[in-house]
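Heads up, the chain below is alone and in the form predicted alone; it's given as structure tokens.
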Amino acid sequence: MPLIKLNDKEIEVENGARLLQVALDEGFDIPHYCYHPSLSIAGNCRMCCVEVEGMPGLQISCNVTINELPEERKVDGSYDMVVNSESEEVKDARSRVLELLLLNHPLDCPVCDQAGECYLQDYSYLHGNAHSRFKEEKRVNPKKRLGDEIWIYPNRCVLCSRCIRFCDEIVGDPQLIVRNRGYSSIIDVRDGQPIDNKLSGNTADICPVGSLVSNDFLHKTRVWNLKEHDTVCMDCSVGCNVEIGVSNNEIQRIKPRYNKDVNDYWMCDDGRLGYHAAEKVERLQSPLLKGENGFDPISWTEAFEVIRENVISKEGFNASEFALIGSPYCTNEENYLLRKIVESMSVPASNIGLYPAEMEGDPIIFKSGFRISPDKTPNRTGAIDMLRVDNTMTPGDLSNGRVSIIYMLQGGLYDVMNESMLEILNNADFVIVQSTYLSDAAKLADLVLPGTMHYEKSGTMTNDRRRVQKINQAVVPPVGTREDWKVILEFANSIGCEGIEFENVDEITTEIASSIPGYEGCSTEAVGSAGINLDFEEEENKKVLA
């Protein structure tokens, strides 16, 4: 392996490694704008310049490849490269580059959404001059909307071309271009057509200077007011890793979080903006009992008393007439608790369901391989594993429709009622639905229990490529609601289930790791922030647990 010396530190690197990435991985703060690890090398910002012994002038480190040299060419007989990123010549060059990049910058940090996480701001402080020598009139171009989700403020742009390369190399649709030449160069849309691809929001994420900004986050709040939470997207079964910015218990923005094995640095606009759907529904804040004139709010104590009276008859609990329906919107832990109820109360396997069924369609796959699943449920694989059920359910699946009591777990915002489910619920004598709002299923229920939404809960989910990932609570649920796993636990206790006792979600995760085939070792610690893959075997085109 090549051995280099970087600022007097010896580092062994892979043959062919990029010098800038090596330096960044080792914690050296070499400034850069145009470099992005998932995009091609442009080398146009010139900020990452360094001294390389034996090479003429300064080199842009993003474009320097490290290779092992023959023994006779090694520097000082040992090193394949000797680099200095902090020499006076390097510092002077960076300062001059910054002065050039800031010639026409409006210096509008007080009103710029990027302030607080802006490379131009940070590097100006660390490497720039306090004053500009530019006395002429600055070039001014008006802001422009490039698409539904993206604005451009051209005067902040340093022409790093990250946004252009992203559209070309990741999306596969070169919708952005550099218009004009030289001093008049400007980023613009191609042929006047708006940037409308489903990954457009990423162009704002990768813009290092706040020139491209998100319409969704525009002037909402300052970034230093945000509390960031790492979790997983709720909008399809791919399970993109995301970072949620929250202030005053409200989601302000969702950005992708790097995970090489799932979503790289990207996420789709559906997932980015999906949280707005939750803002449009009227949340339930107390259990509802159906009466002669519609639903009446009752207390949680009254709700579980109603459950005891209706689920357990004078003759006792009749497992053959009782059915449980899990949800692919809910966590592994929540669906696992349903399975515990099934085992504790000896409910027939034919009385366990999963709703809704998988959403059909073709995935959207972009040039880079990033994909969007047609199934908009985030945990179908995990729910199937926990409940040990098939992926579909018809009235015949629930004991030929002869069940009289149904407990249904919901969690999504798109639970459109189909005829099969309508028939199942209408044929039952007593229906309990756990939902966040008065969904179509909840309207048919006799008792509705208010639950929590995706970003209000913690637990694990398994994506469609069998990767177990951790979700974390980002916002506090409304007053009057309870976490779904706690509601299921109390439901279990109210009907006399034995051996179902947990103090927190992590305890359930731990039990899953010891009792569900294929999930061995998937403890909270092992899953971590990046997730862990389950082993599986392909058997006649069907994935089964190994």
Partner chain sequence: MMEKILTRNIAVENSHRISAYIASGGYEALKTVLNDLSPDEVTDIVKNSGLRGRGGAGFPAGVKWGFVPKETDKLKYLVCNADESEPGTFKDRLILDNDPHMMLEGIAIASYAIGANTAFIYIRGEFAAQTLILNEAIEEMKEKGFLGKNILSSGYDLDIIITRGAGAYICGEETALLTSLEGKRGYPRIKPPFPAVAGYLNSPTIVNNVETLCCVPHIISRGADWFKSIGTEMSSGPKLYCVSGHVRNPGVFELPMGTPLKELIFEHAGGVLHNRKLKAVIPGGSSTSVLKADEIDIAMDFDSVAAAGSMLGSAGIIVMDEQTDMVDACYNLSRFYAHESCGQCTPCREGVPWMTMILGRITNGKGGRRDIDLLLDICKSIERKTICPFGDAAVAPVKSYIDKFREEFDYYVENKKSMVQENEKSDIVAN
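Quick caveat: nothing in here was measured; it's all calculated off a predicted structure. Numbering follows the first chain given and starts at 1.
Below, we turn to the form predicted together with its partner chain, even though it does not appear here.
Relative to its partner chain in the model of the complex, residues 42, 104 and 178 are all within 4.5 Å by at least one heavy atom. Only one of 505, 60, 513, 489 lies close to its partner chain in the model of the complex, with a heavy atom inside 4.5 Å, and it is 60. A single residue from the set 352, 447, 284, 159 has any heavy atom within 4.5 angstroms of its partner chain in the model of the complex; that residue is 159. Its partner chain in the model of the complex comes within 4.5 Å of no heavy atom belonging to residue 143. Contact annotation: residue 219 falls outside 4.5 Å of its partner chain in the model of the complex, judged by heavy atom distances. Using a 4.5 angstroms limit between non-hydrogen atoms, residue 280 is distant from its partner chain in the model of the complex. The closest heavy atom approach of residue 46 to its partner chain in the model of the complex falls within 4.5 Å.
Stretch-level contact analysis of 324-332, 127-135, 271-279, 286-294 against its partner chain in the model of the complex, using heavy atoms and a 4.5 Å limit, identifies 127-135. Contact annotation for 82-103: residues with any non-hydrogen atom within 4.5 angstroms of its partner chain in the model of the complex are 93, 96, 97, 99, 100, 101, 103, listed in sequence order.
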